[in-house]
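What follows is a single chain, given as structure tokens, in the form predicted on its own.
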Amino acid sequence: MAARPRLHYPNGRGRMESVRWLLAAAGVEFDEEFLETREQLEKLQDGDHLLFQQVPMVEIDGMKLVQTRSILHYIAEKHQLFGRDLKERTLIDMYTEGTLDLLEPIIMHPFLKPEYQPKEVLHMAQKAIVRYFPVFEKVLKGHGQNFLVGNQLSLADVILLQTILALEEKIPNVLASFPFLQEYSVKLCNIPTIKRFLEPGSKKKPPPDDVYLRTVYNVFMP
């Protein structure tokens, strides 16, 4: 029996949360090695486990994968979540890259000074509503299918749903003008593997709190 993937990262969302989402959507059980101290990170670095001296790092299939997008591509390809041909893979990649651009400021938001955070929420809402969500609304309306590409679940769907739900934590009505995305989000949330991941007690991480922020500073700040 193959070993379960092992994820190396602090106990919080960050850039590893997309990996957790994708593994969960694929129905893959995984283990986690939480980084809590600078010494743990240095041990990985000194042991030649981190190709570019940084996490996220995922041990899977005898490899130590780094770079979030590379990790996501490998998992998606392995579990048939990356399209059926080159055209579908390219669409999935474009949609995913765009969504990750929107997700990045959500990841970084808790690390801003408190006085800057409300303004950044407004900026994120504007980006989502003006630049990103209209694209996906048009795609879903245009082909009338349940998923973004090929009428089957893909990496692009998983990352978009993760981003939508993270935004809704800060801006509950962010999908108010996008009926197709609203319906799409509900359908994805009811896929059995995703539904389990959204239930209490799963390995989905809660919104960042002060404990997580302190841990990140302890691990990554020299």
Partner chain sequence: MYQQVPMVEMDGMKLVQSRAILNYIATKHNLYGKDTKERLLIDMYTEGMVDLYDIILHLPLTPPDQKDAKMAQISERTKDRYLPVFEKVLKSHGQDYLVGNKLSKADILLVELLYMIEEVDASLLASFPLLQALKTRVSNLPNVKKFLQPGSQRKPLPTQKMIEEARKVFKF
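Residue numbers count along the first chain shown, from 1. Here the structure is a predicted model, which is why all the values come from computation and not from measurement.
The next section is about a form of this same protein that is not shown, the form predicted together with its partner chain.
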Problem set entry | 4.5 angstroms heavy atom contact with its partner chain in the model of the complex for L86 | yes
For this session: Check whether E97 has any heavy atom within 4.5 Å of a heavy atom of its partner chain in the model of the complex, and answer yes or no.
Result: yes
Problem set entry | Partner contact for K170 in the model of the complex: its partner chain, 4.5 angstroms, heavy atom | no
Exercise. So in the model of the complex, does any heavy atom of Q67 sit within 4.5 Å of its partner chain?
Worked result: yes
Problem set entry | Contact test, all of E33, Q117 and E120, partner its partner chain in the model of the complex, heavy atom 4.5 Å | no
For this session: Would you kindly say which of Q54, T193, S185, Q40 lies with a heavy atom within 4.5 Å of its partner chain in the model of the complex?
Result: Q54
Seminar exercise, completed: Only one of 175-183, 162-170, 56-64, 24-32 sits within 4.5 Å of its partner chain in the model of the complex by heavy atom distance, namely 56-64
Exercise. Listed by sequence position, which residues of 136-165 have a non-hydrogen atom within 4.5 angstroms of its partner chain in the model of the complex?
Worked result: F136
